[in-house]
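Taking the form predicted on its own, here's one chain by itself in structure tokens.
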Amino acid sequence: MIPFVNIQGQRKAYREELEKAEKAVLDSGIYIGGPEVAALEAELSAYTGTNAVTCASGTDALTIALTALGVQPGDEVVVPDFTFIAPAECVARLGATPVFADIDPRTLQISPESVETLIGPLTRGIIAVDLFGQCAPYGKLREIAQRHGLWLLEDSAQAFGAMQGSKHACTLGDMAITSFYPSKPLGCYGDGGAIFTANKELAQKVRMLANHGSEERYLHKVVGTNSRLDALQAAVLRVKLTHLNAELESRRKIAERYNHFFANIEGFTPQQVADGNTSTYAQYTLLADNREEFIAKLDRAGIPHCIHYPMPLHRQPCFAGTASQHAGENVADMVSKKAISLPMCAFTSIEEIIGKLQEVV
């Protein structure tokens, strides 16, 4: 059976390294924080060229970053309409209102033109999501943010390791976050996340917020939360980080193979990677004009698939009456009816998948 993400294949390839690292942590008796987490943060900082602070999940990273940026009840924050719920959810949980920007129909990234139309007197910032592994259009978004006096937060949960020109993902906003959920290009064996910023004061603030608002034991300067990365997860990530660039190159070659196949088939449009971007291909996503028919063919061929995402965020029941509403359907609506993701990871058996696709498409 073809796995959607071949985590087992990855573990088999690195088993000796992983088991050695895991054993060292278990034998140490230090299971939360400690030298493994400190070493991982140093390696993440060196990889990206900015300050990294780890935490318990990508969602926690968003909430902590938004808190550090000063989001208050009554504020508005512009978020993309087509993405996982976490950015809008975290805004709402802080009492602010997510305002949903439309997306580019080719790259599927947040549309700067749509963002511009949504900025009002209550707008405090913009969250851009590096959807499916490539960076959002930060040049245009930065110009908009600066002109209106807004902060810009990069949600790079799917794109750690991607580039925009000479800049790494996780360095393109005032702050950035990533996720280490197991299926991510850099994933641990549970939940985990990190926050990135070049601003050392913000880095210190998010570290304090993630540790019960405390820099000194039993002295709490602010109300924080408990969001710490386990040492075992840090050890797994340190091993995987050494292999990340090679894995990303394998992912790109797999994506090229998919692109070549679908270039000759009518009714399919792969997500376009913008000029100057590289992608981690956290998912290989394309638009299928007749998605239900395509799904039936995939099922017959035994090819796993996933729909990312079945509806725009502004149509989610939890945001009814509280979020910005669109007049009629937008690009995000159209994409949600056509988008489908195919198996993707460095250990994907792409020739087997292409062979099966050739039989049914």
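Fair warning: this is a prediction, and the values are worked out from it, not measured in the lab. Numbering starts at 1 and runs along the sequence shown.
Just so it is clear, the following notes concern the form predicted together with a small molecule, a form of the same protein that is not shown.
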query: Location of the small molecule contact in the model of the complex, chosen stretch of 250 to 258, 205 to 213, 151 to 159, 102 to 110 [non-hydrogen atom, 4.5 Å]; finding: 151 to 159
query: Contact of Gly192 with the small molecule in the model of the complex (heavy atom, 4.5 Å); finding: yes
query: Heavy atom of Val129 within 4.5 Å of the small molecule in the model of the complex; finding: yes
query: Interface membership of Leu62, the small molecule in the model of the complex, 4.5 Å heavy atom rule; finding: yes
query: The small molecule contact at Pro87 in the model of the complex, heavy atom, 4.5 Å; finding: yes
query: Candidate from Ser336, Thr50, Asn330, Ser57 lying within 4.5 Å of the small molecule in the model of the complex - any heavy atom; finding: Ser57
query: Whether Thr83, Tyr181 and Lys184 all lie within 4.5 angstroms of the small molecule in the model of the complex by heavy atom; finding: yes
